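A lone chain, given as structure tokens: the form predicted on its own.
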């Protein structure tokens, strides 16, 4: 059967929901096609016994507070969502064992610098230098926006030299140049795993754009879990007159005689539209159909890009409260080597670095009274070899052995006891995510942010890649790179691109308010007289 729309959105993940909210608000006849029976992608939850576990997304950066909202909170409000967040002041606790080990807790907001100096005495001068770099970065990004991505090169060189250094060097190189000693660098680099590339390769500017989102206001935790975020956007789409068709898997693209994407196939149905937005990773989209229509340079690009990290996630529901078990920290990073490069390379060979989150510390009633949940995330990096020798016959044993090993390590490292109190446990692997999300290797964020394929290079080459007429991409695999917050941003940006394109063709609905940079908010890592704000 044939159906006609202004815009088709493939996938009701984070980016797809944000895009459809924006498109439907613009008065465009919009439909979301989702293969599952519920929205959200990684922003969803599941129930085991009396516990509801987050599948993957449990926090967002750059949310800000109600009094001083930042990008994500403003974005949801601008889309008409009633999503609510709580802010966790504890930035993280990081525990590294071994001869260079440490046990450090950092706070967010105004207490960040104080907690860092307490943990790493003598770093005050380096912090002051870092502030100047970040202030210059914010000013450069604002100038770039004002020039619509075409800044004057001489102005960039003369005014924004610190930004250019940060944008063209690794995180570790920049911190070294600012005089931070090894221990302080290791502490400041703790969030590296969220972006999936070790600090000696990870782009400094990209790291700090993410890290500052956490530092300024803390982690933003959805009060109704991440599935609440997904439902709020789904409700917004429906209120705007859009449609969401669940249990409708897109199986192919439809091209017109000029090679333009004119719609999609879903089983025996055909959906036609003037524009299509895909929340599905390009590898999967072009595997369905159309790879032969890609320009040669785009085929080479897709072949060259490496799929990014996935996870093994251990979800444990415990029949004791967090306080009774000694789980006093919302977020704990654990590693047995202080080098991020070694942490990256050792995954799969030894117990790699991992993150443990106890949601009850931030949201006490996240589980039934007298209980708590623990969420252990083990990043799985490309070529880690973590599944070498695993097949269908020993897959269950692998999950059992793996979870026991990491739970035992967490117990030993923190000096607590968990195993006797586990009431429910579930383990998801990259195979789980590959099956559920339909992504190769179960990658959660798309493509690895390598030295040659980071956010800066993607931004500079935005107009030169994957230019298939009628098709726009959004999601974790997009220009913005890894992270849950930026998937929502990418959806809004994709929608704005489509709205502008259709308006130029004389097709438009009632104008929707744009989502842009938030109003200036206090930034603990920007010089007070810098007059700049966070991206």
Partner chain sequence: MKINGEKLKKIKVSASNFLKILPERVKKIMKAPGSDVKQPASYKPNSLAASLHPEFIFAEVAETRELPGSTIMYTLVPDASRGTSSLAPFAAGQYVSVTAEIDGCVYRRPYSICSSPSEALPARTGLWPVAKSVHPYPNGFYRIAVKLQEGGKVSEFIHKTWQKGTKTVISAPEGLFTYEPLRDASNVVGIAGGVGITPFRSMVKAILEGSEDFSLTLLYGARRESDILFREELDGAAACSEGRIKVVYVLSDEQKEGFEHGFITAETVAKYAPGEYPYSVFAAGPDAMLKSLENELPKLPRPLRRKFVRFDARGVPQDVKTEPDYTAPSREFYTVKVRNGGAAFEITCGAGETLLSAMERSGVNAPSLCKSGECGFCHTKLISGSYYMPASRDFRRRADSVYGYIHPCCTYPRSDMELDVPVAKTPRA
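Residue numbers count along the first chain shown, from 1. Note that this is a predicted model, so its numbers are computed, not measured.
Separately, the form predicted in complex with its partner chain exists; it is not shown, and the next lines address it.
* Heavy atoms, 4.5 Å, its partner chain in the predicted complex: which of 37-45, 498-506, 59-67, 467-475 makes the cut? Say which one. => Every other range fails; the passing one is 37-45.
* Tell me, which of 258, 350, 400, 152 has a heavy atom within 4.5 angstroms of its partner chain in the predicted complex? -> Flagged contact: 400.
* With its partner chain left out of view, which of 457, 87, 346, 97 would have a heavy atom within 4.5 Å of it in the predicted complex? -> None of the other options qualify; the answer is 457.
* Asked: Looking at the partner-bound form in the predicted complex, is residue 304 within 4.5 Å of its partner chain by any heavy atom?
  -> Answer yes; at least one heavy atom of residue 304 falls within 4.5 Å of its partner chain in the predicted complex.
* To do: Answer with yes or no whether residue 77 is in contact with its partner chain in the predicted complex, where contact means some heavy atom within 4.5 Å.
  => No - in the predicted complex, heavy atoms of residue 77 and its partner chain never come within 4.5 Å of each other.
* Would you check, heavy atoms only and a 4.5 Å threshold, whether residue 181 touches its partner chain in the predicted complex? => Residue 181 belongs to the contact set for its partner chain.
* Asked: Does any heavy atom of residue 438 come within 4.5 Å of a heavy atom of its partner chain in the predicted complex?
  -> Yes, residue 438 sits close enough to its partner chain in the predicted complex that at least one of its heavy atoms falls within 4.5 Å.
* Asked: Out of 358-379, which residues reach within 4.5 Å of its partner chain in the predicted complex, heavy atoms considered?
  -> Heavy-atom contacts within 4.5 Å come from 365 alone.
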